[in-house]
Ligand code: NAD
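Only one chain is included here, represented as structure tokens and corresponding to the form predicted alone.
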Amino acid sequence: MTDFTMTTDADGVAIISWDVQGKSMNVLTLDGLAELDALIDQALADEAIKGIVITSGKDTFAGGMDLNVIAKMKEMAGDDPARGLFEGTMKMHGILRKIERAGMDAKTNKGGKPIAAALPGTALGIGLEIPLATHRIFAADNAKAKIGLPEIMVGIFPGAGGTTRLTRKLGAMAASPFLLEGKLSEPKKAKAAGIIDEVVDDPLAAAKAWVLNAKDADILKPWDAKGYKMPGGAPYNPAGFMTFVGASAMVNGKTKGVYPAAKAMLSAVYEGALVPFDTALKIEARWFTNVLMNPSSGNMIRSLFINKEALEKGAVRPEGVPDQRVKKVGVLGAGMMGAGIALVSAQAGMEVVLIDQKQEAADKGKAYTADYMDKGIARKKATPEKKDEVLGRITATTDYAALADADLIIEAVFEDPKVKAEVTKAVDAVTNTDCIFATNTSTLPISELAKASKNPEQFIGIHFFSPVEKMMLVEIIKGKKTGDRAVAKALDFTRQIRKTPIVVNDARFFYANRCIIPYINEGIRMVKEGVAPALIENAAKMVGMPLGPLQLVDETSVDLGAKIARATKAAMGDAYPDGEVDEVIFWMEEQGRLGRKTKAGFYDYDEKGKRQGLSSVVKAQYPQAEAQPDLIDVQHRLLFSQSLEAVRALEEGVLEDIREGDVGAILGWGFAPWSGGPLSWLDMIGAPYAAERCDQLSDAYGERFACPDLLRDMAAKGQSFYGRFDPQADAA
């Protein structure tokens, strides 16, 4: 079975078609690359062939390189992985350069065969790098197609010549959104940007026609011609100098220096712009090798692509349970969470019953979808017809009888066990015996809430993150009596709404909140200790957290923190560990500094709610100490406070699959994505060092940093989390 096949038509045009069997979208493997290389050699050597068109046997062109291959490239590279990676990358460059030069004479730049790319749809990553090496790119007029180089999103950069070619084609400034941000464009916008050459109804026919009429000058790339000058200027002229100074500042501003791929790519672009094209490809390959050798890239690929995709495809779904896709969902509570759940469910094609105590509240919840669709129409992401279709699926009512034939109920009412028990019983009275009941809660124990249900095996927790339509993670919580069908139902529903699920066992704060609350608390503790709030916030951002702990508590509201603190203290009694944090939180609550919503918290805000800087009122109440801690100490306190909870969750069986720990951390609260997640980060620094650092932090700051027994055992045995627990390693 081959990925690439070649046929030659009556006009002498060779059509190389890419069609990976068993895949909905083409991905490039090393075997596939070798097949393409052999077919290019064959076509160039055959005098009867006048030119070549590379296309796809699918309605898309390609989704990129098989990231499973990239993840394993280092171990495949042998005893000298850096050399092996570099040589492998240069071999790939050689194949694409062969396409680009197409047999033309090195001195005269004549005699080559025209090679075009015909893209029926989406072309990403290597799926665009190959076309960029051809002489002309034709794309179908398909508004749903996406064209671009998204590698930066998974911790690498375009290393098969895409970085060098796009920079030379567009100039560094124009190429930067597509390289440094991974921006994707539909075909017409890609043409307007200069990435592709033509948008046509029939790209294959247009490409063949062009190939038959192309002249020597048409197939010579600008960078291979004498007198080539980079658009926008090379680094050593005034315009280019300003471009690269600005780009360097932008990269460091956005990444804080913790994402190695962005810095490496900028270095490849800068250094490559100073030398001839073939030397620039070598520079690109060296920097690409540098990134692949960095554990950050491997961790990001593993967590953000391989493991994320595995979870979305049902890696933790109970075996033997038939399809549980939801046809009709009842949503109880039409507040912000309930309205968001109704929106994404209706968008996924489900019939939705949205219930609240008052019709006015239910209608307001439905209006949330109308407003969302109106914004989509304004951005040309939706149509009035689509809006009517989605709204037509939502019934806003106060009548529980409308739930009679629902197969899934999601309760999103006030976080009060008594209120939740009341609605659970009301639903049980009207639904059929097969209906699964899910409670959307972030803190209340599922097993306790399930006691109100007549079918506790059909009762499960589904914790959405706010806002529902934007946040990708859904945390599914199994109670002590939750059955496999309820788990399968929750997972199948999550897949329908195109979210990423993790499944955890019932415990205080489940997984996400048990990790994020210590992060917030550690930041607040440091404020009380006299650590400068600016140091706390910047230390967090410089280690890759999207928000500092103080900004995060302002966004989620101080009074919510106070409420959680009181409830936790009541439940834990003398074992409650966060009295010092409470002192700060309760003082702020008394002062009415509840965060952004009151325009006063750890930060000050203007009338529109825009942050104006850290509050002098808080600084006055908790004066800064003369001696400030080292940056690394602050960062380690913030990272270890989260990571040790992830270890304890695994140790206690709250987490059943290590992949969920890392994917959930990144998607749920933004744990330093460059690291691959908290367990990947501990693997990165090594269990022996992590255990030693726990002891140091515990001695200095308290028992909350005590080394978990699991981590101590792994340190003694020289183990890693992914070496010990990775399910894919077991499968292999």
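Source: prediction; values computed, not measured. Start at 1 with the first residue shown and count on from there.
Just so it is clear, the following notes concern the form predicted together with this ligand, a form of the same protein that is not shown.
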Given the stretches 178-186, 410-418, 126-134, 572-580, which is the single one in contact with this ligand in the model of the complex, using a heavy atom cutoff of 4.5 Å? 410-418
Quick one: is D356 in contact with this ligand in the model of the complex, heavy atoms, 4.5 Å cut-off? yes
Whether G338 contacts this ligand in the model of the complex should be assessed with a 4.5 Å heavy atom distance threshold; does it? yes
Closest heavy atom of F157 to this ligand in the model of the complex, within 4.5 Å or not? no
So in the model of the complex, does any heavy atom of G148 sit within 4.5 Å of this ligand? no
Residues G333, V423 and F464 are flagged as a possible site; in the model of the complex, is every one of them within 4.5 Å of this ligand by some non-hydrogen atom? yes
Exactly one of F244, Y605, Y400, F305 comes within 4.5 Å of this ligand in the model of the complex through a heavy atom, and that residue is Y400
Between the options S345, N440, T122, T163, which residue brings a heavy atom to within 4.5 Å of this ligand in the model of the complex? N440
Contacts from 675-693 to this ligand in the model of the complex (any heavy atom within 4.5 Å), listed N to C, are none
